[in-house]
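Given next, in structure tokens, is a single chain: the form predicted alone.
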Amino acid sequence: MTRSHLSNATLQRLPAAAGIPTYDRSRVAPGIVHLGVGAFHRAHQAAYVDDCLAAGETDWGIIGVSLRSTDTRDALAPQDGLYTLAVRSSGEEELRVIGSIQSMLLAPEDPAAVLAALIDPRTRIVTLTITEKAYLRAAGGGLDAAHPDIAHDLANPRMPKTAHGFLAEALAQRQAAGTPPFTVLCCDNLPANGATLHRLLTEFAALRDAKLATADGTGLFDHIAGQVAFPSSMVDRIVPATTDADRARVAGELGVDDAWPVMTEPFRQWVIEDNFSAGRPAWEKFGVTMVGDVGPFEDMKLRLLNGAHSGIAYLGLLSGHATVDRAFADPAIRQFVDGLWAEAIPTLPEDAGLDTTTYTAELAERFSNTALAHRTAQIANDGSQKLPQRIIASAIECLEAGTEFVHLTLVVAAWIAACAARGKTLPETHFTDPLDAALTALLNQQLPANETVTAVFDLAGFAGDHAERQTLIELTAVHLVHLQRDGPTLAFAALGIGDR
């Protein structure tokens, strides 16, 4: 007998233990368009918005947009946007059905529908979780104007492919119609993410203005630069990939099938700069921290959580550990993380009120959560885009302060070694990176370690033109030699970390 699936029609049949929306979904109006509806958004921002809807703020429903993949749309559309959030700790699991996503759009299939949602005067906030690589930055950090998708969007403004193209065209049409601009709220792990997206979008607008000047002279650059709010934010919640076993377990609890439930941990954090030009939900009532400057919180998260995650992922992969909790239970990796934190903590501002002792204790507990099964291969993706803000920035500050940073450079070496191990000791496509083609060609040359690291730094743009860049390269190369000779065992021993 085929089991029915989660939907508006089956909500009231769910068991009492499953939390379901307490508000009338038919009375919710759209107020947010979200670009990049993946598991993280559904575990984080969509859950916070669901709290606000339940409290009576019913004009903040979410229209979700997938910029490329059909997977989320195909899973959620038959379920009326509903899905289960499974909050898991080592001892228990709590299920909650989230109803904040009203509809799903697929940009490649219907870009006009996406633009219509963005142009709708009811849309007052556009949020983004499109991952670092989708911001299409060049090695120097600016917009990659040579990217074919950027070229396409400049030539076809009403049929965009990129987030930049959609935002620019929507803001241009709102400007022409006299509709106030929406606030653009970036929720990706980029340094100063609001300011970063503001810079990238104004660069795109300048190129667009130059191309369209003879046609309509829109002046979009000035409009975005002066009228559109781009608050920075910091987000944090661990969201491992959903497995078939997770789907089966959730279906068994609910009595209905959910095509894509989301797994997450009890901890969640969202820090946002309170700069919204067209209103916002009362997120602060549900644990969101509204601040004037998100920078210190962002740096703490990037350098202590994300930096440690990258180290655990690459060293865990090289040590044969498939999940974070197993890697963190390895005494050598556990000791390494403590050393990494000891190097990174002094790079954080002392006068920002950050409690790094409590924060790292919470991280240790989160990394030890056996229920999440957070795959090291999942965290390992896109290292060339993640390491600059997670690791390289801390290393540069240590270098300038004259403090030790040997644990930080081991993370970079472990990333290079893990990339080289694919197709050998690791499956060929175990994790991916936007630079994979060039990385594979480079690593297949099997150059001496110093030459390899230099070429990788050049390829990824690590440390840019920093005066002491060569020092970073040399320290990373020493670690790479150790990893190549005897894997993490020798690399850990060189740091004084005990026998494994």
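Start at 1 with the first residue shown and count on from there. Given the structure is predicted, the values throughout are model-derived calculations rather than measurements.
Not pictured, yet referred to below: the form predicted in complex with D-mannonic acid (CS2).
Next on the checklist: Taking D-mannonic acid (CS2) as it sits in the model of the complex, is L171 near enough to touch it, meaning that at least one heavy atom pair lies within 4.5 angstroms?
Outcome noted: No - in the model of the complex, heavy atoms of L171 and D-mannonic acid (CS2) never come within 4.5 Å of each other.
Next on the checklist: Residue-level question: is R124 within 4.5 Å of D-mannonic acid (CS2) in the model of the complex, judged on heavy atoms?
Outcome noted: No, R124 is distant from the partner.
Item to check | 4.5 Å heavy atom contact, K386 and D-mannonic acid (CS2) in the model of the complex | outcome: K386: yes, in contact with D-mannonic acid (CS2) in the model of the complex.
Checklist entry - Quick one: does H374 come within 4.5 Å of D-mannonic acid (CS2) in the model of the complex, counting heavy atoms only? => result Output for H374 is yes: heavy atoms within 4.5 Å of D-mannonic acid (CS2).
Checklist entry - Quick one: which of 252 to 260, 414 to 422, 231 to 239, 173 to 181 gets within 4.5 Å of D-mannonic acid (CS2) in the model of the complex, going by heavy atoms? => result Among the candidates, contact is made by 231 to 239.
Item to check | Candidate spot F40, K301 and Q378, all three touching D-mannonic acid (CS2) in the model of the complex (heavy atom, 4.5 Å) | outcome: Checked in the model of the complex: all three residues contact D-mannonic acid (CS2).
Item to check | The single option of N369, N189, Q79, S100 touching D-mannonic acid (CS2) in the model of the complex, heavy atom within 4.5 Å | outcome: Checking each option against D-mannonic acid (CS2) in the model of the complex, the one that comes within 4.5 Å is N189.
Checklist entry - Of R390, R208, H164, R280, which one comes within 4.5 Å of D-mannonic acid (CS2) in the model of the complex, counting heavy atoms only? => result Only one listed residue qualifies here, and that residue is R390.
Checklist entry - What residues of 254 to 277, in sequence order, lie within 4.5 Å of D-mannonic acid (CS2) in the model of the complex by heavy atom? => result Heavy-atom contacts to D-mannonic acid (CS2) in the model of the complex: nothing from 254 to 277.
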